[in-house]
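Encoded as structure tokens, the following chain is the form predicted alone, with no partner shown.
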Amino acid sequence: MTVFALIIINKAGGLIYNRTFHEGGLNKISTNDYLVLAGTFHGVHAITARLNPLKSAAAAAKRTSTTSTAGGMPARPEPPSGLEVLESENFRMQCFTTLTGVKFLLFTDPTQANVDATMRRVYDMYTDYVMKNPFYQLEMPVRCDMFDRKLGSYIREINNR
């Protein structure tokens, strides 16, 4: 069970973080290739988010009436999701998209268990060590030593199981 790499893409499709954790897992690619990968994935994700099946007006009205909150207000509709998992015989790429549009791409072994829990923990570390950092500017590359250390420690623990 191995986590190979993590890529974080901002809401505009720009690469803001990439890190490889297991040298023998994926082929080495250049920084320019990471930038192209981030932009390409952002476009594919946007297209696949628009490929949702159409719902009839009656079904949408029924869903809205049954999903209201305690105060009588209708619940927030679920945002359309795009490509979430891409699996090959050599790796699995899982995407977690935040409500603000930031995408976390985690590349793992295809047999890796609990990838959702790993993604949630990585996102928690991002919010704790990057977003709460007063020196971090939104949409800019992540340069936070504490995030790097905690993330490296967590992934090392997963890879050594």
Partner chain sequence: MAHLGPGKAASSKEQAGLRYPSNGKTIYHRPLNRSKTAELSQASFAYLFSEMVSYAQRRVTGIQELEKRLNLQGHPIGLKLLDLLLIREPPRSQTRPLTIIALLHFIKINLWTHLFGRQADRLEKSSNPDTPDEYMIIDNEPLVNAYISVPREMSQLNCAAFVAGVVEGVCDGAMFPARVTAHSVGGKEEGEMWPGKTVFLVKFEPEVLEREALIGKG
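Keep in mind that this is a model prediction, so the values were computed, not measured. Numbering follows the first chain given and starts at 1.
There is another form of the same protein, the form predicted in complex with its partner chain; it is not shown, and what comes next is about it.
- Of the options 107, 104, 41, 129, which one has a non-hydrogen atom that comes within 4.5 Å of its partner chain in the model of the complex? By the 4.5 Å criterion, the partner-contacting residue is 129.
- Task: Taking 4.5 Å between heavy atoms as the contact cutoff, choose which of 11, 19, 149, 22 touches its partner chain in the model of the complex.
- Result: None of the others qualify; the residue that does is 149.
- Message: Given that its partner chain is not shown alongside this chain, does residue 133 nevertheless sit within 4.5 Å of it in the model of the complex, heavy atom to heavy atom?
- Response: Yes.
- Message: If we define contact as a non-hydrogen atom of the residue within 4.5 angstroms of the partner, is residue 144 a contact of its partner chain in the model of the complex?
- Response: Because a heavy atom of residue 144 falls inside 4.5 Å of its partner chain in the model of the complex, the answer is yes.
- Query: If we take heavy atoms and a 4.5 Å cut-off, which stretch out of 88-96, 30-38, 121-129, 43-51 is in contact with its partner chain in the model of the complex?
  - Reply: Heavy-atom contact with the partner occurs in 121-129.
- Between 89-103 and its partner chain in the model of the complex, list the residues on our side with a heavy atom within 4.5 Å. Counting only heavy atoms within 4.5 Å of its partner chain in the model of the complex, no residue of 89-103 makes contact.
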